[in-house]
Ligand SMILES: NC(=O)c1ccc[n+]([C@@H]2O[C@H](COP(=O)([O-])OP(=O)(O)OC[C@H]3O[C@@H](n4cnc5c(N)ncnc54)[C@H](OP(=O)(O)O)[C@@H]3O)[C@@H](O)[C@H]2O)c1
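Given as structure tokens, the chain that follows is alone and in the form predicted alone.
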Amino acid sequence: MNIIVTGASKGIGYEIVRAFAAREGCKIIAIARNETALLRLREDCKSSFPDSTVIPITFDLTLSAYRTELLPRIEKHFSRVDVLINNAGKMINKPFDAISEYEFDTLMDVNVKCAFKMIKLCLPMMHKSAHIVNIGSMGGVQGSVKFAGLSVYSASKGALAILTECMAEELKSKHVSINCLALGAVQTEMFQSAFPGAKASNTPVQIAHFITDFALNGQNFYNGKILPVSVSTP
């Protein structure tokens, strides 16, 4: 299995890579901006799982050089992509009237456009039964409880959810599945920035194992679905 995980340098992304590394036959490309953290992740996986293959690629997903810089580095290791996990994300916790246009654009860029660009980049390398998993948020689910300060973050995750539904229709002819996992509370830095002092119901390790299982098997049961993964509010 050839797997790509974005936002892999910390939190849920870091643990997703470790969860895949623990499985036999998984070869993982881990993408993030922080080279030091990616190298630490590779060594961590090698120490815990000696037969694992983790390939760190340092790249800023907000850049435009996907085809000229990122694609050649992926193709050096992969001739096909079986699983793409769009995990990279950003949160800004501010009242609506304090959010600047720049911050709005940044959130939409990281949380929506980067997933859009990764899908476009990887699609030519995907074959029948490939699975794209977008990591969304309960904040982006229509009708869910909303919280002050997270308006644009939630809107960006809502856009990612709708993109997922639309892409599923377009990818039917390619037999590529795409789903969105709308995560609830997970004990990460991002969660703490949104809810200071709160205790999340799940750890990054716990949620990473769920995401890993879903990425490998979920396409057999779901396509184009927004699936809440939450046991609490928040």
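All residue numbers are counted from 1 along the displayed sequence. Every value quoted in this text rests on a predicted model; they were computed, and no experiment measured them.
Here the subject shifts to the form predicted in complex with this ligand, a form of this protein not shown in this document.
Stretch from 144-152, 72-80, 86-94, 119-127 whose residues place a heavy atom within 4.5 Å of this ligand in the predicted bound form: After filtering at 4.5 Å, what remains is 86-94.
Of Cys26, Val176, Ala208, Leu61, the one that lies within 4.5 Å of this ligand in the predicted bound form (heavy atoms): Selected option: Leu61.
Arg18, Val54 and Gly218 all contacting this ligand in the predicted bound form, non-hydrogen atom within 4.5 Å: No.
Contact label in the predicted bound form: Val110 to this ligand, heavy atom within 4.5 Å: Val110 belongs to the contact set for this ligand.
Contact flag, Ser137 vs this ligand in the predicted bound form, heavy atom cut 4.5 Å: The answer is yes: Ser137 has a heavy atom within 4.5 Å of this ligand.
Arg33 within 4.5 Å of this ligand in the predicted bound form, heavy atoms: Arg33: contacts this ligand in the predicted bound form.
This ligand contact at Leu183 in the predicted bound form, heavy atom, 4.5 Å: The answer is yes: Leu183 has a heavy atom within 4.5 Å of this ligand.
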